[in-house]
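Presented below, as C-alpha cells, is a lone chain in the form predicted on its own.
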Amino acid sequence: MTKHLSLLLALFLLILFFSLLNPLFFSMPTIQAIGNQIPDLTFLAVALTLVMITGGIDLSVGSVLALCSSIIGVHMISNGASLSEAFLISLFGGALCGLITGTITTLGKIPSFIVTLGMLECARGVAYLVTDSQTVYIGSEVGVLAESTVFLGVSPMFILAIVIVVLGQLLLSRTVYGRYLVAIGTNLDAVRLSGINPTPYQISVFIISGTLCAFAALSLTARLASSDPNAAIGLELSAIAAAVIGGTSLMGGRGSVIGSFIGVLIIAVLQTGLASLGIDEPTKRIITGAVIVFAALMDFWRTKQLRA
C-alpha cells in the first residue's frame, strides 16, 4: 500500500508540474484523452506483470497485438464476419501464440527472452501476410468502441481495461494461483521441492499474455478504425516500463497489477505533458527512455536491498 501511495504521489507531482507549465493541461478534455488512449497499453502492462512475476519476459506482445488486430480487420472486411466473431478468432490467435511461446520456453528450457524475441518476428511476419502488408480500414462498426462514451467521457474500452486491472490484481493477490506465480518467480527450485509442478503455471501466464494482446488489439483497432500490421511497434517496451515503474521486478517474485496501471498513467501523463509543451518527438523519446532506465535502476536497487 505504501508503494502505491508513493506511485500516486509521483503521478500527482507530475500532473502538478505540467499544470504549472501549461494551465490548460489539467482539464477534462486532457484527462479524457489520456483515459481513452491508455487501454491497449494497460492490457499489455497487466500481461507483462503476470509474466515478469514468474521470472519471465514477453517481448512479443506488440507483434501479437498487431497480428490479432490484423485478424480482426481481415475477417470483418474480407470474410464479412461480425466484430464479435472476428474478436473471438483473434482471442484464439493470441492465446495460441502464448501457448506456443510458453510451451517452448518451459518445456524446452529456453530463456523467454529468446523465445519471445523469435515470436516477435514471427507474429509480425504473419500480420504482414494476413493483411498483404496493407492497412485494413474497417470503419464505424469497430470505431464506436473508442468514440462512444459511457462515463465522464471515457470509452467502453477504458472501462474494460479497469475491469481487467481489478481482476488481475485479485487473481494475483487473492488466489492460490497468484501466490504460486509469486513463489515461482521467487524460488523455482523451492516450488518443485514442495511438490508443485510449476510448468502449467509458467505456460498459463504466456497464454494469458497472448489473450490480453487480443483485448489490446481490439482497443487499438477501435481507436484507429483500422488494422495496421505496423501497429504497436515498440509498445512492448512501454508496457515493460509501466510494469517496472509500478514495482514489478525484472528478476521475478514481486509485482502488482495496480502498480503497473499507475505506471501506465505515469507514462501517459509524461508523454501527453511533453506534447502539450511542444516538445519534439526525438526529445520526447529521449526523456521517456531516460525514465525507463531510471525505473530499471530503481528496480535493481530495490532487489539488492531485499537480498541484503
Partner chain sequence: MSWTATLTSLKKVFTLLSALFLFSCGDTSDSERGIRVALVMKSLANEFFATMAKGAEAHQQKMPDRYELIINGIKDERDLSRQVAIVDEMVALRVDAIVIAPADSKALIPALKRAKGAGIVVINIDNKLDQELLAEEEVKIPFVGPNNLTGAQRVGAVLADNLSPSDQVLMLEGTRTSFNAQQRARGFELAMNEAAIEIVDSQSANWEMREANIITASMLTRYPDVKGILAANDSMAMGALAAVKTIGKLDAIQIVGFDNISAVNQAVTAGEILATADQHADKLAAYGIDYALTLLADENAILEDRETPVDLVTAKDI
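Think of the rigid core as the biggest set of C-alphas that the two forms share within 1.5 Å after superposition. Numbering follows the first chain given and starts at 1. The model shown is predicted, which means the values in this text are computed figures rather than measured ones.
Heads up, the form predicted in complex with the partner chain isn't pictured, but that's what we're talking about next.
(request) Report the stretch among 36-44, 52-60, 66-74, 249-257 that approaches the partner chain in the predicted bound form to within 4.5 Å, counting heavy atoms only. (result) Answer to the contact question: 36-44.
(request) Give a yes or no for A123: in the predicted bound form, does one of its heavy atoms lie within 4.5 Å of a heavy atom belonging to the partner chain? (result) Answer no; every heavy atom of A123 is more than 4.5 Å from the partner chain in the predicted bound form.
(message) Can you work out whether M298 and the partner chain are in contact in the predicted bound form, taking contact to mean some heavy atom pair no more than 4.5 Å apart?
(response) Contact with the partner chain, yes.
(message) Can you tell me whether Q169 touches the partner chain? I mean in the predicted bound form, with a 4.5 angstroms heavy atom cut-off.
(response) Q169 lies outside the contact set for the partner chain.
(message) Using a 4.5 angstroms cut-off on non-hydrogen atoms, would N187 count as touching the partner chain in the predicted bound form?
(response) The answer is no: N187 has no heavy atom within 4.5 Å of the partner chain.
(request) Check each of L220, A86, V142, A127 and return the one that places a heavy atom within 4.5 angstroms of the partner chain in the predicted bound form. (result) By the 4.5 Å heavy-atom cutoff, the listed residue in contact is L220.
(request) Could you spot which one of T199, S82, S173, N230 gets a heavy atom to within 4.5 Å of the partner chain in the predicted bound form? (result) Residue within 4.5 Å of the partner: N230.
(request) For the heavy atom contacts within 4.5 Å of the partner chain in the predicted bound form, list the residues of 126-140 involved, in sequence order. (result) Residues within 4.5 Å: Y128, S133, Q134, T135, Y137.
(request) Answer yes if the Cα of G278 shifts by 2 angstroms or more between the shown form and the other one on a rigid-core superposition, and no otherwise. (result) Stays below the 2 Å threshold, so no.
(request) Take the rigid core as the frame of reference and indicate whether the C-alpha of A290 shifts by 2 Å or more between the shown form and the other one. (result) Passes the 2 Å threshold, so yes.
(message) Please check whether, in the predicted bound form, the CA atoms of V293 and A10 lie closer or farther apart than here, given a change of 3 Å or more.
(response) Closer together, which means the C-alphas of V293 and A10 are at least 3 Å nearer in the predicted bound form.
(message) A66 and P282: their C-alpha distance differs by 3 angstroms or more in the predicted bound form. Do they come closer or move farther apart compared with the shown form?
(response) Relative to the displayed form, A66 and P282 move farther apart in the predicted bound form - a change of at least 3 Å between their C-alphas.
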